[in-house]
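One chain is shown next in structure tokens, namely the form predicted alone.
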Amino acid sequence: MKYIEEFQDPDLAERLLDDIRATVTRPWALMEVCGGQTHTIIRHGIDQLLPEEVELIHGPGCPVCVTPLEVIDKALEIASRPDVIFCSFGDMLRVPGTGRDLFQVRGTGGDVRVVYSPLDALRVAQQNPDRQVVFFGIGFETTAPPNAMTVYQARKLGIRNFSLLVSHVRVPPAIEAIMQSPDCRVQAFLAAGHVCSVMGMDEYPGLAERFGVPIVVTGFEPLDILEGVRRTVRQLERGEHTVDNAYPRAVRPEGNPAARAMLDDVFEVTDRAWRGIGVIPDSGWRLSSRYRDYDAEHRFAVDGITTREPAACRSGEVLQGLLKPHECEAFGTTCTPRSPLGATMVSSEGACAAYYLYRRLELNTPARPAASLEGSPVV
């Protein structure tokens, strides 16, 4: 297969669904740990095409959504300073902090700029030597290497007016935290293929063995998702719990050695707060001591931040897989993409945004289709 369309072939999807239906004999709950996978699932109605015994639970796989409110409020405070040019990817500008967002900071005079790469922010710093330039570095293992490379380049080039506001998180500790929760219903995981393309798979066998859960590395197109579910259900029905790579076209067991070496040089593992979940030990990165001068929190010493989550927002439960978005009372009423209460509604990878965008607005979702995929949204 060479082309994206082939990973959306309805005939191949039907064959995978037939295999899943023939295999499953009892209820199973699977969690996908990637917001991109969640959007594929909801956009193509994959959860409604699966047999009713297979439930897909949406996990904390949206990097914007899990960025803690305290860090967002620090970003807002730094971006408001007249000597600062604050650079970010566009999906962070609408994420609500305590009382405002980056768009509102820009509207009141803050120099907030959308960039498409952290290296763009570094160029802004070179072009504005009399201003402090801050890049908002968020996300999982996928966005951490380019951010690390940018800090490495800034140090190598002697660019002193650039810094990184870091809120990077790691997937394996989140899986461990989910499995340790007393409310956990998850029996298997669809691991994020892009994360594993960077980090490899060596952190997952211990988790699979310790908690007795299959972990299947999965891609992002409809057939990727269905193949991941098929392999997962087969393991569950056989009583197995191993790590399986269903995304070999992108993932090697060792990951990307160059990217991992850059991460080891620039960052060090630290405890990290996840929005709506709390602090997870060893679940994040911060700049190592060699690069501490490029740490925006260290450079600007932002203290006295008082955060306040909207009382009506239940995004924390959504991120933990305890609640489907349309089960929240505020969903689609007081919380919409135009006026979001939480990041899950405004982020392009947020579960609430997926349910709103693809019109999953009602609790009573349509009945699952019969065997035929004719006219299904997978096409």
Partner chain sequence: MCLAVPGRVLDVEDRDGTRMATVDFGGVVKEVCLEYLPDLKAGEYAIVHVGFALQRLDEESARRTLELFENLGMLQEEFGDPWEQAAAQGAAQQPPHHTTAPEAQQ
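Numbering follows the first chain given and starts at 1. On a predicted model such as this, the values are computed, not experimentally measured, just so you know.
Keep in mind that the form predicted together with the partner chain is missing from the display, and what follows is about it.
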**Prompt:** Quick one: is residue 107 in contact with the partner chain in the predicted bound form, heavy atoms, 4.5 Å cut-off?
**Reply:** yes
**Message:** Taking any heavy atom pair closer than or equal to 4.5 Å as contact, tell me whether residue 26 reaches the partner chain in the predicted bound form.
**Reply:** no
**Message:** Can you tell me whether residue 289 touches the partner chain? I mean in the predicted bound form, with a 4.5 angstroms heavy atom cut-off.
**Reply:** no
**Prompt:** Is residue 296 close enough to the partner chain in the predicted bound form to count, meaning some heavy atom within 4.5 Å?
**Reply:** no
**Asked** Thinking of 91, 123 and 250 as one candidate spot, does the partner chain come within 4.5 Å of a heavy atom in every one of them in the predicted bound form?
**Response** yes
**Message:** If the cut-off is 4.5 angstroms on heavy atoms, which of these, 197, 283, 161, 235, is the one near the partner chain in the predicted bound form?
**Reply:** 197
**Fill in**
If we test each of 214, 255, 97, 173 for a heavy atom within 4.5 Å of the partner chain in the predicted bound form, the one that passes is 255
**Prompt:** Which among 225-233, 238-246, 146-154, 297-305 is in contact with the partner chain in the predicted bound form, heavy atoms within 4.5 angstroms?
**Reply:** 146-154
**Message:** Where, within 96-123, is there a heavy atom within 4.5 Å of the partner chain in the predicted bound form? Residue list please.
**Reply:** 103, 104, 106, 107, 112, 113, 114, 115, 116, 117, 118, 119, 120, 123
